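Next comes just one chain, in structure tokens: the form predicted alone.
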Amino acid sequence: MSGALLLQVSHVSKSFPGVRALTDVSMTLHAGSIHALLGENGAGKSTLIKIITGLHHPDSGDVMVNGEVRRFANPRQAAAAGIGVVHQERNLVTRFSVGENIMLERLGRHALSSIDYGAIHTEASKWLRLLDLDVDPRLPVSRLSVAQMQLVEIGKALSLQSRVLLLDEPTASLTQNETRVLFAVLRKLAQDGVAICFVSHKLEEVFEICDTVTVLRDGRNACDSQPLKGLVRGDVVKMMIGREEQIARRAPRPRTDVAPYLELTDFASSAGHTDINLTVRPGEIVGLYGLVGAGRSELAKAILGMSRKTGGELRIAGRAVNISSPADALHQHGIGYVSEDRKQEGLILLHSVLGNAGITVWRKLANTLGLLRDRSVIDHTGPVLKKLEVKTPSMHQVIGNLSGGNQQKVSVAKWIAAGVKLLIIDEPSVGIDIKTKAYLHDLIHELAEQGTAILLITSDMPEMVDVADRIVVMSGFRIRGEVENDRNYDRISRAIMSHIHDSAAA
């Protein structure tokens, strides 16, 4: 251990109606340490963080800060005690500016205080520069990409200069480049004596940045604050899932030569795309890779009619079309979309698991009178939900009460169950544990084998190499090159970054 004990969780338990979330869980965080908190979806990681920060209160057990037992009434009290947090679900005020969000806790001493916006945006700029995020602090958060929002959330936590920093899936939406910058910042904070708790499903990142690990399995300690030195990936996975990891090495798939289902020719959009030429064939998985701000998610939304086509041609199954909305895309052209932002676009958080999983098949399953039986929806969506191991007390549970990872599983499952002809998948494995991630990749390949055309957007380079047949590289809202996927990770990652760097130099 590198320094003084700053935070100690001792024998904490917590139950919710129908769910035992934590049982006798302990963890210690020391100054100068970057401590990994690991476990499958629903293992209790986010619940533990919420207990530490006062969002939940434990049924039993203690949280100690600097050796003193504390029970915070809310996150503001935790922040005042030096505990900063970036939750898995973003907590930004989207109509406020980037600077206002970063400085939200210090806008004024009280409700009637005047606000010095110049000072706020100047101070916020310092944290944006630290994270290498090139956005105007006066820009409304609503105009940022999901990855940019994630970096703003991290900047907000850093600006509080906390002595204990809790990061719940901070790199989930970030590319390797953004992650590299963040890790440099975290290492500097650790050198300055900050205790950092790092939650992630990306084990390669855990071994790169962390020195200590706590693993939860089914709400209990599989290990408590153990040094990572001497452990290998297999050791950690076995603690997480209770068995050895099954790793399948996927062979490259033969390239299909059937006519494209989706074809963009010199396509331009009101979002800023120009000269986009792209094809996706039935049975093919085409990956879209790029850094934050490359325009990948915006291109998906332009295909779905969420922004206006301003030039070129969009063809579906060989026919030029104009798509007006996601509903038009689904019902007229068989196009599904797994959004990267499940909270705002992918799910209805106040509705049930069943309601969310079945929403894409209601029209298909309704009888001649327009009536729909729950049993029909369960029969249709249940096998996919079971395959992805969605943890829920019942299909009628409000989905907002599930863990973020289980929400993401439902967000993906509803489109897999829909049987669309083209599936656009944007950051499918955000917040998903390693076992489910493997199942998800298998399902994507099964869909392709059945003839579905798939456009995959992911910032996770290993995922891209494992899943895609070919990889299209974007930068500055344009396509910069293409890489055939032979599963050679080092060659592919170098080729992708070469396209990105060449476009930056042009």
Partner chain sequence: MTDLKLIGGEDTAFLPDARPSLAQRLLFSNEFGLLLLIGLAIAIFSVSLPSFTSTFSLFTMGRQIGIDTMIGLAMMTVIVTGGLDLSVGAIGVCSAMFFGWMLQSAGLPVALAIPLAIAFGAGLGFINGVTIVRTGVHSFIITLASMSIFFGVMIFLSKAEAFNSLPPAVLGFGKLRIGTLVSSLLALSLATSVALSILYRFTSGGRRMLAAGANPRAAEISGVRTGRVFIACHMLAGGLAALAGLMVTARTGAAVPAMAGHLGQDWLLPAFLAPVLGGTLLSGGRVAVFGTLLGAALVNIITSGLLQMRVGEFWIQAFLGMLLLAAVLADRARHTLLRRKGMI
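Numbering follows the first chain given and starts at 1. Computed from a predicted model, the values in this text were never measured in an experiment.
Form predicted in complex with the partner chain: not shown, discussed below.
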message: Each of Glu345, Thr360 and Lys435 having a non-hydrogen atom within 4.5 Å of the partner chain in the model of the complex: is that the case here?
response: yes
query: Just one stretch in 203-211, 414-422, 279-287, 223-231 has heavy atoms within 4.5 Å of the partner chain in the model of the complex, so which one is it?
result: 414-422
message: By the heavy atom within 4.5 Å rule, which residue out of Ala268, Leu372, Leu130, Leu189 makes contact with the partner chain in the model of the complex?
response: Leu372
statement: Note: exactly one of Thr392, Ser429, Thr179, Ser159 sits with a heavy atom within 4.5 Å of the partner chain in the model of the complex, namely Thr392
message: Gly382 versus the partner chain, in the model of the complex: is there a non-hydrogen atom within 4.5 Å?
response: yes
message: I'd like to check something about Ala80: if you look in the model of the complex, is any of its heavy atoms closer than or equal to 4.5 Å to a heavy atom of the partner chain?
response: no
task: Would you check, heavy atoms only and a 4.5 Å threshold, whether Pro326 touches the partner chain in the model of the complex?
output: yes
message: I'd like to know whether Leu330 contacts the partner chain in the model of the complex, with contact meaning heavy atoms within 4.5 angstroms.
response: yes
